[in-house]
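So this first bit is one chain, no partners, the form predicted on its own, shown in structure tokens.
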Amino acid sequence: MIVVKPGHRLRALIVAGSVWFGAAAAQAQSPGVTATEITIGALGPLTGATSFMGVPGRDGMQLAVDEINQAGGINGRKLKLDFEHAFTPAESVAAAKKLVEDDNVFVLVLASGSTGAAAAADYVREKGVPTYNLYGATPIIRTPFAENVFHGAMPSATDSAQALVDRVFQANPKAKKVGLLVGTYAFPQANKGAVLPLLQKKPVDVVVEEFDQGARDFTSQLLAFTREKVDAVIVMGSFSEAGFAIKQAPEKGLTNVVWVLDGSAVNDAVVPILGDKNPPNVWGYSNTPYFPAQSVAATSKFRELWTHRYGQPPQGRPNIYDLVAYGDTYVLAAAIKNAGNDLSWKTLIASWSKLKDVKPSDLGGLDVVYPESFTETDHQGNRLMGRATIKDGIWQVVPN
């Protein structure tokens, strides 16, 4: 037994209190970090109209986490992924709060698209938690700039808007009238807001028609485009919405037009909707150097790894969101690795802001995303976009 003399008791209490306070402060600086583990929290829709992003977000991230852990983890610590379902704006805010405040994750990943990213934007800025926005193009998550919010393979609405306009005039340099078929929800509206000013600088007329999320009948919108004799239609919506619109177009008299699809519609799942005789003039852009079904070494190996982990894939999987989630998890891991062993939100943000041309192969992964770079004032990791079209029954990145 150890006896503390009266004269020493106060000093002992002070020392013990100091040790406790220091440990508590360290824990407060590094939530989600133990001697052996780092917890990553993520949220996205696992059901609902945008589950084609959330489910691949979860699966792609987990695939990368498994690989990284099998290789020894990051600086001796294994990664752990906590993924919460969130489809509506309210669910996205609730999931973010649960992960950060109840589960005490070290970093938050938004695998939710623009709707969820916009909903969570104010909360993550206020909390200061390091946040990785995988899919949200909406300006609400990007402006104003926040030092704790980073963006991955998916470009901003401004960058993707330029790609959409470029594709129209690459396919038809003489286009005089352009139709915009736009969903009323966050991602399409963000693209619309960025595309319109670009088209207004060109000698073209613009016809705007909107639809509600999940629409299957586009009769009124297509008839309006037919009456206006548009030369091209930019579709801002999901692959299913774009697919049904393009398929119905000839019945409504809309033929011989250029179709340009935004990032959420450039998905191999659109091909079965269009049928065997896919329209030859369907274009889009890619946020990754290849599409999942392209026969190149990186994607072939990725499909092999995906199938080994999850089994025979359903139609349309793995998709581009699988690739982005997988690749961006490696980018996040590089930021954590460079932050060193003394992990805190501050050290991670500082490390992340200095990454330059980081790619998954730096940590042993597959290079299925473009290299990403960040600075203290610019957190958009990737601005590269490939030119894409449906070729041999699949989306492929083709030379510009």
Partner chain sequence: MAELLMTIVGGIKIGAIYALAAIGLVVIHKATKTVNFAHGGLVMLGAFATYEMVVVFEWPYWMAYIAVPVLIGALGALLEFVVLKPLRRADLFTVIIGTIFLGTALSEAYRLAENSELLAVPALFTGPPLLIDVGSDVVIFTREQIWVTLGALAVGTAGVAIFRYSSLGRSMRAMASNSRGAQLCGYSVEGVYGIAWFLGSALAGLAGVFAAPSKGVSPDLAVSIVASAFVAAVIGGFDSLGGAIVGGLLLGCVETLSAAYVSSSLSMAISYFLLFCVLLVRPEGLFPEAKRRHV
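Every value quoted in this text rests on a predicted model; they were computed, and no experiment measured them. Residue numbers count along the first chain shown, from 1.
What follows is about the form predicted together with its partner chain, which we do not show.
Q: Its partner chain is absent from this chain, but in the predicted bound form, do 212, 239 and 253 each have a non-hydrogen atom within 4.5 Å of it?
A: Every listed residue reaches its partner chain in the predicted bound form, so yes.
Q: Taking the shortest heavy atom distance, is residue 55 within 4.5 Å of its partner chain in the predicted bound form?
A: Although its partner chain is absent here, residue 55 would touch it in the predicted bound form, with heavy atoms inside 4.5 Å.
Q: Taking heavy atoms only, is residue 272 within 4.5 angstroms of its partner chain in the predicted bound form?
A: The answer is yes: residue 272 has a heavy atom within 4.5 Å of its partner chain.
Q: Does its partner chain get within 4.5 angstroms of any non-hydrogen atom of residue 247 in the predicted bound form?
A: Residue 247 belongs to the contact set for its partner chain.
Q: Contact with its partner chain in the predicted bound form for residue 143, defined as at least one heavy atom pair within 4.5 Å: yes or no?
A: No, no contact at 4.5 Å.
Q: Heavy atoms within 4.5 Å of its partner chain in the predicted bound form: which stretch among 126-134, 195-203, 68-76, 218-226?
A: Every other range fails; the passing one is 218-226.
Q: Which of 307, 295, 88, 315 has a heavy atom within 4.5 Å of its partner chain in the predicted bound form?
A: The residue in contact is 315.
Q: Which residue among 62, 39, 51, 344 has a heavy atom within 4.5 angstroms of its partner chain in the predicted bound form?
A: Of 62, 39, 51, 344, the residue with a heavy atom within 4.5 Å of its partner chain in the predicted bound form is 51.
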